[in-house]
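In structure tokens, the next block holds one chain alone, the form predicted alone.
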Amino acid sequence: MEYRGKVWVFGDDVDTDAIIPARYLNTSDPGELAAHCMEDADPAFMVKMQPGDMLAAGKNFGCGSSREHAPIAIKAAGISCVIAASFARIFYRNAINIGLPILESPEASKALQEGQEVQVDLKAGTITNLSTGEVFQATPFPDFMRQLMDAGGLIPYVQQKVAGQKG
């Protein structure tokens, strides 16, 4: 699967409270969560970003609490992919479970600048900065994990598998 969009850059240690502030955790509605995505990190983020855009960040993206609300807010906001130097372990797993494509690439994380156009090839694990021509390699996901993300997450993946066994 390939994604293309403008990149929005954040720094190191972006925690789940910056991604979706705790004051909005009284709902699990993806649309409501999306409306407040990255609000404490950049109050104007949801006004500026467009569906299909991407996030780039430094190390330890998604640290903090283990809530699923953070990757749900990002995905529901229309962010197509998150690129970071590294991810907090629980955020990483939660993102995959809900079908949010994420890629670890310290090199891309350092080089990408806000507003640049980026293309991601999830199968190859490549990140192409279309503004500069630079290509970065991330560790590609195994087929199973890509299928999970392509299906939209763990639950849709299992539903497809169960439906396929019935037919």
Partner chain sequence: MGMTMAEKILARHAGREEVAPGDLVLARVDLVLGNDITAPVAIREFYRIGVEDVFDRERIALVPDHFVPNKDIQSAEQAKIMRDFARKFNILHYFEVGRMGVEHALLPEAGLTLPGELIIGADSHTCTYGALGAFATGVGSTDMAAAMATGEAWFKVPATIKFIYRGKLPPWVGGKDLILHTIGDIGVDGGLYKALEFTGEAIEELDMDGRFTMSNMAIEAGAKAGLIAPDATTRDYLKGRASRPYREAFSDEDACYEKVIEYDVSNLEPQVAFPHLPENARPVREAGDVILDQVIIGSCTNGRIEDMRAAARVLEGKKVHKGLRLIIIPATQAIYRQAIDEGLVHTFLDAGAAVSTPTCGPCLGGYMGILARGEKALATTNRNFVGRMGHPESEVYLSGPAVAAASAVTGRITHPEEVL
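Heads up, when I say rigid core I mean the largest set of C-alphas that superpose within 1.5 Å between the two forms. Numbering follows the first chain given and starts at 1. Just so you know, these numbers come straight off a predicted model, no measurement behind them.
There is another form of the same protein, the form predicted in complex with the partner chain; it is not shown, and what comes next is about it.
Listed stretches are 114-122, 46-54, 23-31, 129-137; the contact stretch with the partner chain in the predicted complex is 23-31, by a heavy atom cutoff of 4.5 Å.
Taking non-hydrogen atoms only, His36 never approaches the partner chain to within 4.5 angstroms in the predicted complex. Among heavy atoms of Phe10, none comes within 4.5 Å of the partner chain in the predicted complex. When the partner chain is considered in the predicted complex, Arg4 lies well away from it, no heavy atom lying within 4.5 Å. Within this chain, Ser80 is remote from the site of the partner chain in the predicted complex, having no heavy atom within 4.5 Å.
If you take 64-97 and check each residue for a heavy atom within 4.5 Å of the partner chain in the predicted complex, you get Gly64, Ser65, Ser66, Arg67, Glu68, His69, Ile72, Ser86, Phe87, Ala88, Arg89, Ile90, Tyr92, Arg93, Asn94, Asn97, in sequence order. With a cut-off of 2 Å and the rigid core superposed, Gly153 has a Cα displacement that reaches or exceeds the cut-off between the shown form and the other one.
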